[in-house]
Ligand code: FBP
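We begin with a single chain expressed as structure tokens, specifically the form predicted alone.
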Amino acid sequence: MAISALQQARAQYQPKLPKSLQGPVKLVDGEKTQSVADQAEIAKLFPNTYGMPLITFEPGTEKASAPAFNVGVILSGGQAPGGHNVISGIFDGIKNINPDSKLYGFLGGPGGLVDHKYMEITAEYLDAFRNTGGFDIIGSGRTKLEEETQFDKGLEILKKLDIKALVIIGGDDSNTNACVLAEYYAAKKTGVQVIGCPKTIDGDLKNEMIETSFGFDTAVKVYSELIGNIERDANSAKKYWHFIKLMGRSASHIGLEAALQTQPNITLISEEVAEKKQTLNEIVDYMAGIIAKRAANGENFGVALIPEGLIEFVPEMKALIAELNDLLAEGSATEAEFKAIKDEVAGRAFIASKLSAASAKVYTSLPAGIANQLSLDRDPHGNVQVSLIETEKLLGEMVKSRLAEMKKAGEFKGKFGTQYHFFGYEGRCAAPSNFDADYCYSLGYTASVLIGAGKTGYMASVRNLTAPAADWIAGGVPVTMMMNMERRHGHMKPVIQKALVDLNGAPFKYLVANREKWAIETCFVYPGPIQYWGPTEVCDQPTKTLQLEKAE
């Protein structure tokens, strides 16, 4: 297999570990925990794994001997840089406990457990994947482990392979499922432990004990390099506004961090839009106002960052989408009547006639292409596929129309040309930064220690992440501690509480304090590509978000 010069050199990198993991490990129990909300309901649903204590690792005095054991690992959901290093940490950790221990990878995500598709991960096979991006070592998938029949089917192969513990590497939904699985196996006294690892580039799996999810650091550094390149181009050509949509369906952590790294002219934050109940027209007016002010200074260029999930946070768009989902539900008479209309203009008029007055007004104000997307593109559940809506083009077209009105009124004397971008997949499988390479390896090693100590229902936790890696604090946090009850598919279910951007937090406040200056002046910052060798202040820095949060 041909590999690049970078990959060849990175294979030699030895990830840094916290002091507590560099030799024998002592586990210290902290206080017993409770869920973030709905304590009575969560405790009732998880009688075997609720209320467990926080665990902190400290350097031990002597290495405990242990018999060999087998571990299974699953990569769940979308890719995130560093997943291979989590697996490397698990492998090295269990081999350190007993060299005869074995690691099995279930292929293609959780479905591999249910379908009994697996492989043994050997040292020789693993070495080609150390410090690399991607999930291609065993593949990933989005099968949800929710049904007891799946749990039982998985247990068959776990017992056949004599697997003592299963590590599920995933986001909030995957770790929720891991917790349910841990409880089920504990209740059945199967002897199988389940440990979670926090993964998602979206950055929305975070709390007091999980300071950041892995992959976020690398992904945003990749996007910030690209944004910086575009800012340099805009500042060179001085003739385009670049509207950049960034991955992150529910939370705007990526957009906020990228803004802190690159200082663009406009940064929209979905959570702020929801908090202020901003309408689409108010957002457009805000953007057009900045563009006009810059044009008055002779600067007909700029960069705007737009979160992928923005549309769902705009109140009137949220209401419109809900109405469309009901109106065009699969099998409904309205859906059949709409599908029979072949002319797009007539089809949009038909839809508008069926909507409430408020939603019809919003719907008819949208560019034709966006209205068509809202009407036609449905997911398997019959819902609008919001991620497919080209929000950046929607805003670009609406801003263009608004500026034309302002020009007639003498309020805009410049030129407005747009370029559109969507950055998402570009960052999900990037070679991990030193931070993510170290953090992920530490998470995997932490998982191996929790397994060796017989723990289940825990998520690997590594904290104090703005300090040098040697001073990071490793341990375990009960997954039930992060849970609350939420309505999913019409039923109340226990889920890990998703972390949205904190509008009272230091990172957002820093953006607010600076965005007026960044809007009118050209304050662009050009981060450049991820650096792997060189001064620690260049190569090992965590995100601006973490630095600001820790400085609070």
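Everything quoted here is computed from the prediction, not taken from an experiment. One rule holds for the numbers: they count along the sequence shown, beginning at 1.
Heads up, the form predicted in complex with this ligand isn't pictured, but that's what we're talking about next.
Segment that reaches this ligand in the predicted complex - one of 439 to 447, 422 to 430, 473 to 481, 297 to 305, heavy atoms within 4.5 Å: Of the stretches listed, the one contacting the partner is 422 to 430.
G77: touches this ligand in the predicted complex, heavy atom cutoff 4.5 angstroms: Heavy-atom contact with this ligand at 4.5 Å: present for G77.
Partner proximity in the predicted complex: G457 to this ligand, non-hydrogen atom cutoff 4.5 Å: Heavy-atom contact with this ligand at 4.5 Å: absent for G457.
Non-hydrogen atom contact I451 with this ligand in the predicted complex at 4.5 angstroms: Because no heavy atom of I451 falls inside 4.5 Å of this ligand in the predicted complex, the answer is no.
Proximity of G72 to this ligand in the predicted complex, heavy atoms at 4.5 Å: Because no heavy atom of G72 falls inside 4.5 Å of this ligand in the predicted complex, the answer is no.
Contact residue in the predicted complex, from T391, N265, T200, T132 (heavy atom within 4.5 Å of this ligand): Selected residue: T200.
Listed residue that, although this ligand is not shown, lies within 4.5 Å of it in the predicted complex (heavy atoms), from G248, G109, G154, G93: By the 4.5 Å heavy-atom cutoff, the listed residue in contact is G248.
Within 138 to 163, the residues that have a heavy atom no more than 4.5 Å from this ligand in the predicted complex: Just R142.
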